[in-house]
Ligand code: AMP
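Next comes just one chain, in structure tokens: the form predicted on its own.
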């Protein structure tokens, strides 16, 4: 009896210890900006192929609407739609203060005011997990309570190999200083997709360069003897579609006798006019490739109506079409994004491999808002309240 009791006591004590132990693995979340869902099928990505063989590959990663860079990076790292996390576009006006958020405005982008929801690194640090960011929208925030333990300020032209070396230096730190969570960002496929289009040799070259960075990172992790304790998650914020010149819709030629102003050009724009909404809609109805909505009548699947800064009347272009007016030049004549997030051309990639992910596992389309609760599950921590992402949609790709 005594022997049985001692064995039970030891077993129970061990179980309690194991249950309370945090995941000691390091997870690196890598973003390839504008890396469309089908780019890995061009035969240019041997390193992504290797990750796929060792881990999880999704058919695609569905972005949030609008399928723009900052709204989606913040959605990934908060688990919330833009209407909730606050970054509703790459550039927008705060109606309460009159201030403008614009991704090129470094001072404004770093203000904590704009970011309404908790970043994953905030959630993790509250649970004593060390975090680091080698570039990620939101990581440059100027509130000392909200930025990662280690971070690099964004430098667009910083050599990609230096970025990899920086991450490897973090991974090589002693355990009590080593980050448990790291973000890493590369722009190449977005930059060249905008400039030259999705089928260009420049985009193919960018695909190869980014793939080679995964090779360097994996080799470095192997040399450190840490392959069995590092998870790699490789995603993209959105896809890309070609935007030919003959698919530009100049609203001046549509509203010839109406005074109006567009708040943006491209796939999505607000429109300011004194014209009655019903009349405006009638005047635009003959344009097959532009839809007009009141904010509160936006399709529910966009999750893009419950934010004060969203324009009251919105023009939404069909994928590939560009809204503009007057002499305003469209953002891009090569390729663009920001369109309906249900369009497959707007979808990105999802690859994951490491000790916490299933091996050689294929799944369908994942939603990027579900990555945040998945990260919380990896580290056995509670997510922030009120997120839009759902763990049940994605947890099946994990081993545990």
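Residue numbers count along the first chain shown, from 1. What you are looking at is a predicted structure, and each value in this text was computed from that prediction instead of being measured.
In what follows, reference is made to the form predicted together with ligand AMP, a form of this protein that is not presented.
The closest heavy atom approach of residue 185 to ligand AMP in the predicted bound form falls within 4.5 Å.
Although the partner is absent here, residue 368 is not a contact residue: none of its heavy atoms lies within 4.5 angstroms of ligand AMP in the predicted bound form.
Using a 4.5 Å cutoff between non-hydrogen atoms, residue 33 counts as a contact of ligand AMP in the predicted bound form.
For residue 250, no non-hydrogen atom is located within 4.5 Å of ligand AMP in the predicted bound form, even though that partner is not displayed. Partner contact region in the predicted bound form: 154 to 162, out of 228 to 236, 307 to 315, 75 to 83, 154 to 162, criterion any non-hydrogen atom within 4.5 Å of ligand AMP.
Relative to ligand AMP in the predicted bound form, residues 108, 147 and 149 are all farther than 4.5 Å at every heavy atom. Of the residues given (103, 298, 168, 125), 103 alone sits with a heavy atom within 4.5 Å of ligand AMP in the predicted bound form. Only one of 357, 39, 70, 350 comes within 4.5 Å of ligand AMP in the predicted bound form through a heavy atom, and that residue is 70. In the predicted bound form, 337 is the single residue of 334 to 357 with at least one heavy atom within 4.5 Å of ligand AMP.
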